[in-house]
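As structure tokens, one chain now follows by itself in the form predicted alone.
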């Protein structure tokens, strides 16, 4: 008999993963070119050539025992120093290698951060819509997830609701910028207001509230807009980063956490994060790809590829009558459902072999998410089916 926690997860498996498996089944039935799978945020852009070159060079030149062996649970010291130096150049920060903990992707980093901070019953606040796994990560440490309702007029956080939901039990706030599933970038003004509210509430309740910034899409920005670096606005910040999207390496599971010296009890917190890396079973981030990303910190995947997809889909879907949130970052598009129950819209789209994810999976019903990190041909060929779908929905 499996555990009660896992029973619930098995019975309510991720909608995204279910849609992904449905896409594979439909591709086998209809042909992959006739299925328009926008369900999963799996990059379709190859990793930069330097990634391949670095892997080959390291395997050829480095001592294999050192390259594939254990290291400090926080990661190779030279890698952490290079990450800190890169951040300092880009964001005018003052990190050292000791401020960096290499992690098994952003997801591993979030679990490490929550393990280090959360006691059973502590509250973790998240802004809807948000990445659906947050609630599972919080449940992993027996925390309580508190959801801030979405402001669907802008998809910036509803700060009045946010302030009202912070209590003496609030221990952490998760922010995802640029946002999955909307592609919206939280502005500097929004970040300043969030920081101010946290400082005021921390003083009011005499507590330390941490801001955990989940940033796997930081480099995927199309408009020239700035994505604020949160340690510059709020001391008690932990930044989680992943190379999954910016270097198209989702399966390699490589990322890092940043803890500024200004954070409360920073030295002990860094120790806790390092030990959490071990006791959660990760032990350390993948050794080979720690070394690889350290040589590729200035590299990026082809962002123009995603922008081309975004522009094509946004223009066409808007023309067909769909109400679309135009994303400034990431590679997701949030579409208002023409039907009150967006799951009916998802089912109608599926009949056209278009796979979308219902917004209720992100705690924002009435919308659907489209992941446009697919081939341009998939986007272009899907348009005739979207147009038919719009006609069925009687859109103008």
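As the structure is a prediction and not an experimental result, all values here were calculated from the model. Numbering follows the first chain given and starts at 1.
The following text describes the form predicted in complex with another copy of the chain, which does not appear among the structures shown.
Using a 4.5 Å cut-off to another copy of the chain in the predicted bound form, each of 111, 137 and 268 places a heavy atom inside that distance.
Interface residue among 351, 52, 344, 336 relative to another copy of the chain in the predicted bound form, by the heavy atom within 4.5 Å criterion: 52. Put simply, of 193, 165, 171, 82 only one has a heavy atom within 4.5 Å of another copy of the chain in the predicted bound form, and it is 171.
In the predicted bound form, at least one heavy atom of residue 69 sits within 4.5 Å of another copy of the chain. The shortest heavy atom separation between residue 233 and another copy of the chain in the predicted bound form exceeds 4.5 Å. When contacts are judged by a 4.5 Å heavy atom cut-off, residue 380 does not count as touching another copy of the chain in the predicted bound form. Heavy atoms of residue 272 reach within 4.5 Å of another copy of the chain in the predicted bound form, making it an interface residue. Comparing 307-315, 87-95, 277-285, 225-233 against another copy of the chain in the predicted bound form, the single stretch with non-hydrogen atoms within 4.5 angstroms of it is 277-285. Taking another copy of the chain as it sits in the predicted bound form, the stretch 251-268 comes within 4.5 angstroms of it through a non-hydrogen atom at 251, 252, 253, 264, 265, 268.
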